[in-house]
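A lone chain, given as structure tokens: the form predicted alone.
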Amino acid sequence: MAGNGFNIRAVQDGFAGEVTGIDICKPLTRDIVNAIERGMDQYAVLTFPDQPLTDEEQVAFTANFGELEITLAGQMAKPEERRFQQLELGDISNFNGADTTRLRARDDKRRMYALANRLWHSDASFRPIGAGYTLLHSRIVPSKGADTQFADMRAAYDALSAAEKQEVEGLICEHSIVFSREQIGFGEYNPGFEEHLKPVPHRLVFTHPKTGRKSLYLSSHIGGIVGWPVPEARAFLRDLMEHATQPQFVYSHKWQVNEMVIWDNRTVMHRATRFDDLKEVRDLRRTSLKGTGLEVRLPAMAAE
């Protein structure tokens, strides 16, 4: 039993649910944590309205579910450029760093980097072990736009034909933050982080370690398929991405202030939608967990 009042209401046919009846600003019982995890296994996206979390409470809530990741953007930024010195806390805003009286300029390098969040992606798939859950909490929401869209990669896999499932089953894709940023023309990185930019391998078909359900592990961070010529790989991946983001697989979330949204990057892609970020404020905080079941060992690649 999760406890009296706990409830998950489906907001889109087995994909995305709204959680009510709990206060995640306070320490949770193991029963509640288990109930949330079961909800994530079922829905892959959960929303928690009316949760006025502090930064410390968000980090504590996240830690219920596993080991927190350090954000790559935070790692690569100079200390004076960071809004938060706690590297597990991601600044998803358009403020000019620690200066919350100004918004980032149109040509600000941090703004250019973040624009790639409008591409469909899975968080941290450019790391040897990508993200598991991402948790995003809203503090300031623009008057229009700035929705987050989610694409169900389980349903997208299920909709493939038998021949298509057989074709994608054994494929290994190469992920790098460079691949996604080059699509929007961004290529400026602080020196000293070259290891973080190298491609890493991930299976194109992911099997959930708890449910056994298969899904596509797609992302704009993919730049190639092991053993394929790059042009052929990218054309194939473009077709697959178009299939996986058809309207029947997508849930578009309209943010409210003090709302927490959790999603599982292993089974869901997401993207931000456009808003007038030169005039309006959008301020969210992100925490994320290291994924499980994503490790890939390629002896042939290691020997090269």
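Numbers for residues come from their place in the sequence shown, where the first is 1. Every value quoted in this text rests on a predicted model; they were computed, and no experiment measured them.
The same protein also has a form predicted in complex with N-oxalylglycine, omitted here; what follows describes it.
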> Candidate spot Asn117, Leu136 and Trp263, all three in 4.5 Å heavy atom range of N-oxalylglycine in the predicted complex?
Replying inline: yes
> Arg154 near N-oxalylglycine in the predicted complex, any heavy atom under 4.5 Å?
Replying inline: no
> Quick one: is His175 in contact with N-oxalylglycine in the predicted complex, heavy atoms, 4.5 Å cut-off?
Replying inline: no
> Can Ala272 be called a contact residue for N-oxalylglycine in the predicted complex at 4.5 Å between heavy atoms?
Replying inline: yes
> Looking at the partner-bound form in the predicted complex, is Ile92 within 4.5 Å of N-oxalylglycine by any heavy atom?
Replying inline: yes
> Among 100 to 108, 157 to 165, 119 to 127, 224 to 232, which stretch has residues with heavy atoms no more than 4.5 Å from N-oxalylglycine in the predicted complex?
Replying inline: 119 to 127
> From first to last in sequence, which residues of 139 to 154 have any non-hydrogen atom within 4.5 angstroms of N-oxalylglycine in the predicted complex?
Replying inline: Asp147, Thr148
